[in-house]
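Each of two forms of one protein chain follows alone as structure tokens, named structure 1 and structure 2.
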Structure 1
Amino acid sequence: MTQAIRLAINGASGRMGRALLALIREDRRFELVHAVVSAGSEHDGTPVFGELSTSLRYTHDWSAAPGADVVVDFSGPDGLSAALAHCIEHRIALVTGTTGIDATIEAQLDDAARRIAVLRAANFSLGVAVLTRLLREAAAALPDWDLEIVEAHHGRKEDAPSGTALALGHAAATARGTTLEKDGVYVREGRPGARRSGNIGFAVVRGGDVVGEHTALLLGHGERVELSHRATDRSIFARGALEAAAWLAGQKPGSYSIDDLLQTRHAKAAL
């Protein structure tokens, strides 16, 4: 029998942390060895799975953490910094979806990739990763077609366009040899004039309980191509993070993405 992957979760009481815990109980690939929450959390010191006897308990630090093969982090900048230091010291792979980090932590992650395997993603949906790859190829193959990206999310989402929409835009722009800073268009109202060739436009929809929808429209003369992804269950992001963790645990030091995981799968399928 293959030995279970020893997993630690950072940000274990957050939305993504709870989703990971719900999945890991049924996933025999993993053994949960550590569950970290923020200092002062109401969960600190309580049993992770509710049993009162010998169950694993939430903790706010890494000082007594047992050995692990990989850490999955969905916390915040401070939480990520602490987890990163622990991973570097003990040579543990790190999967992180934490956003809003500053240049200092960015540099720390880049430096850490020389000593440990680090996988970062703004969106852990495997479907979105495939969508990004398809859009990259389509944008390069159809360089003269107009490109618009439409995204929809629930009414409580505060940022716009979504991070995933922007990531799609960056991928398409790079494929066309340009940047969003140069060709991205985020607002159209009044009389903005005719569409400029090469622009990558964004449109935003907010309302209801939409988990997340992204569509890239490539519009030519007399025809168009639509590439879409619709998320109907938030658990897909946790599932993707666990797939990334299972894959990353066996990788050499370096900086990785979800696309690297997909490439490995594609290569194995081609054998």
Structure 2
Amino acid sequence: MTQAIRLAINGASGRMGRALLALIREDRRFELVHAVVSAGSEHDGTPVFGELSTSLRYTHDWSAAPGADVVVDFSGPDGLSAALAHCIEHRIALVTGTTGIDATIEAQLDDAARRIAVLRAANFSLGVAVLTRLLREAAAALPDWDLEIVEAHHGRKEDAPSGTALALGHAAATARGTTLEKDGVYVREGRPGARRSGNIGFAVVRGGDVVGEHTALLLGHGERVELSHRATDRSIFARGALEAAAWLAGQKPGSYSIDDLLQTRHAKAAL
């Protein structure tokens, strides 16, 4: 029997962390070795799998972590920074889905990819990976059509627009030979004036228990194309992240995306 992949979860008590824990219990590919929460978390020190279990406890402390093959992070910018430092020091692969990170952490992740394998995705769903490909094609094929991206999430989400919306916007902008820095529009209020041709607009909805919805609108004259993805169950992201972790644990240092994982699968399927 091949050895289980030793996995640590960062942000283990959160919505995504709990979805990951639920899947890992049933997944023999992995051995959970560390479950990290924030310093001061109400979960710190409590058992991960309930009082009856003698096993692992949540901790805020990376210094006590046993050896691991891969860390899966869904925490926040501060949590990601700490996990990244640990991964670099101990040469551990990192899968991260944390969004809303600043340019400094972006640069740290790029730099880390020279020493460890790093896989980042603003959205671990396979459907969104396909939506991104479709949008790239549509944005390039209809270069003069107005492009707007609308996203909706639950009311507790802290960053906006969502990382997925920005990633979609980035993919469309690149396909049109521009950038979001130049053409992205994030706020319209009062009298913003007429829409400038080439702009890529973002609109944000927050509320209820919406898991995640993204629609790219390509608006022409007398017709429009709408490309939509709706997530109804958070476990799709956790499932995707675990697939990514199983794949990344064997990779050499570098910066990877879900597309790399999909391409490996396509190549295998073609054999």
Ligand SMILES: NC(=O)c1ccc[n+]([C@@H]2O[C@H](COP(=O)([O-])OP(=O)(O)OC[C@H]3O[C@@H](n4cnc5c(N)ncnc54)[C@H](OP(=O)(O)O)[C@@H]3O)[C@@H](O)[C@H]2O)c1
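Every value quoted in this text rests on a predicted model; they were computed, and no experiment measured them. Whichever C-alpha set is largest while still superposing within 1.5 Å between the two forms counts as the rigid core. Counting starts at 1 and follows the sequence of structure 1.
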Checklist entry - Looking at both, which one would you say is the form predicted on its own? => result 1
Checklist outcome for this item: Of I236, A249, A172, V37, the residue at the hinge of the rigid-body motion between structures 1 and 2 is I236
Checklist outcome for this item: In degrees, the rigid-body rotation of the smaller part relative to the larger between structures 1 and 2 is 22
Checklist outcome for this item: Between-form comparison on the rigid core puts the Cα shift of G220 between structures 1 and 2, in Å, at 9.3
